[in-house]
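As a starting point, one isolated chain is supplied in structure tokens, in the form predicted alone.
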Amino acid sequence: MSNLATVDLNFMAVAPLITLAVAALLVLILDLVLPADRSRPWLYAAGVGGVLVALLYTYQLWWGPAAGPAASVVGAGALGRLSTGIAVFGGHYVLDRFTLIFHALVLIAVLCALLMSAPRRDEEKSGYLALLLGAALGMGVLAGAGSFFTLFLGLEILSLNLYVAVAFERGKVTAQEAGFKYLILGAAATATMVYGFALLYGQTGTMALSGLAAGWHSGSTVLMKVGLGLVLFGLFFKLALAPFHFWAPDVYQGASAPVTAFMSVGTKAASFAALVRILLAALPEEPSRFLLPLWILAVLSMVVGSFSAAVQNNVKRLLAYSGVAHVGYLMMSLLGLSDRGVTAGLFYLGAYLFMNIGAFAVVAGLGRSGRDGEELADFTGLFYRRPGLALAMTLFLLSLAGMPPAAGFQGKLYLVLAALASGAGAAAWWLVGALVVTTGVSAYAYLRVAAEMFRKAEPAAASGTEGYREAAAAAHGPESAAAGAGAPFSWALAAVLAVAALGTLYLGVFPQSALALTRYVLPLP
């Protein structure tokens, strides 16, 4: 009991996480006590309200404990990079501004996913909403992990919730197949990661990230290298970095658009946060010679993602491969592990949040007859049917392609500048060259979708299967015909599109305001 007295049980430091857990529990309780025909608005009010309260706590912590003088585990390695903040619960959880930035990214992503789900009527809402909130909780834990225990806990919480969320649509075979594939491959990646934790513990004698650097000074470093490689393997799987990306296209296609949108951003953000913490804490000085395999994987991810996206006719799969390429771009921020590079990575994740969530919101808005509007044919002539959706999707696609003045252009520019300033030499030029080439290939993939939206559709009688579907819908009555014409556009979906469009434009036109928040997250001493 005396040991427990020395542990800092600072529950205020984890207030955003507690809020998400309470909101998920409240959603389940409300579903039990309220009539089924009247519970829906209350369930969404509890879920959305919990996320908003968590965002409020995040804002308060930014100017409170996270601004304190203590050095966090982010800078515990031999590189000497420090971050203001506090370590709580015996050092297992770190509260600093680095953590809070990722909290904000995850909370915005889950809020958008909740709003995107509002028009959908085919799920058991209490379980569905609780799964999304639980996954966001796991992502928050992973972003602030200060030890192997917390890394594993956060990874399992987010993974177990997402496994079920992906397969939640019970009548959809592709969703069940995607959930099963994600479960099997995810379990293998997690087991590999845990084995890496065991090797690192055997080398360092500690489970804390702050003690990793000592492993390089204790004789043989074979265990250190192998253990660190296995841990990174697990994180690369969550990031969908090639060649650990094979699960992503099928899972993105099988899951509903809101779940796919959330996991495409939230999982990448949380995994990137954990990756930065581990690398900063573990690697000795001159880390570039240890990270050569990462740069090779980054180039491979850019090439595989961009070229695979260029041949897709399913927009969800296109965005999945697009995410693979964007993870390759994101890895450029880790050249030299400098504060400038990490800042560029944080900005790029913010830009990716808005443009990717917006693209999936358009896919959800085109949903019909219980399915998402994910096929390229669903976008044919969209400008003449729903010009607002077409213009919004064009903005998001141009941003993903890195066209100014959207946020994607500024994000790639900062990544290039950070890479060239990292002192990594030839590695930096190879990565920049790969970015330029694969950006051109990706632009072709995105512009295919944009061109389809501005192309007038052929008459229904001459359009093959689409005409058959419309005729079949008409034969089953006016309600079915209306479903075939597209899902009704809701205020919640409109709000997500508005936020995504404004965020994409704001970060593209006024990037310095966002950089001001991230520039000194990892200050040099």
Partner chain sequence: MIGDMVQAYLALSGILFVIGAAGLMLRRSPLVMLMCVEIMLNAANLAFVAFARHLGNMEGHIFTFLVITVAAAEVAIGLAIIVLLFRERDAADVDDVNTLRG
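All values reported here derive from a predicted model rather than from experimental measurement. Residue numbers count along the first chain shown, from 1.
Below, we turn to the form predicted in complex with the partner chain, even though it does not appear here.
The candidate spot formed by Thr174, Tyr195 and Leu199 lies fully in contact with the partner chain in the predicted bound form, as each residue has a heavy atom within 4.5 Å of it.
In the predicted bound form, at least one heavy atom of Thr206 sits within 4.5 Å of a heavy atom of the partner chain. In the predicted bound form, at least one heavy atom of Arg317 sits within 4.5 Å of a heavy atom of the partner chain.
Interface membership of Asp339, defined by any non-hydrogen atom within 4.5 Å of the partner chain in the predicted bound form, is ruled out.
In the predicted bound form, at least one heavy atom of Lys181 sits within 4.5 Å of a heavy atom of the partner chain. Partner proximity in the predicted bound form, defined as non-hydrogen atoms within 4.5 angstroms of the partner chain, places exactly one of 388 to 396, 297 to 305, 165 to 173, 423 to 431 at the interface: 165 to 173. Of the residues given (Gln253, Ser126, Thr343, Thr380), Gln253 alone sits with a heavy atom within 4.5 Å of the partner chain in the predicted bound form. Scanning Ala310, Ala214, Ala188, Leu376 against the partner chain in the predicted bound form with a 4.5 Å heavy atom cut-off leaves one residue, Ala188. Contacts of stretch 129 to 153 with the partner chain in the predicted bound form, defined by any heavy atom lying within 4.5 Å, are made by Phe148, Phe149, Phe152, Leu153, listed in sequence order.
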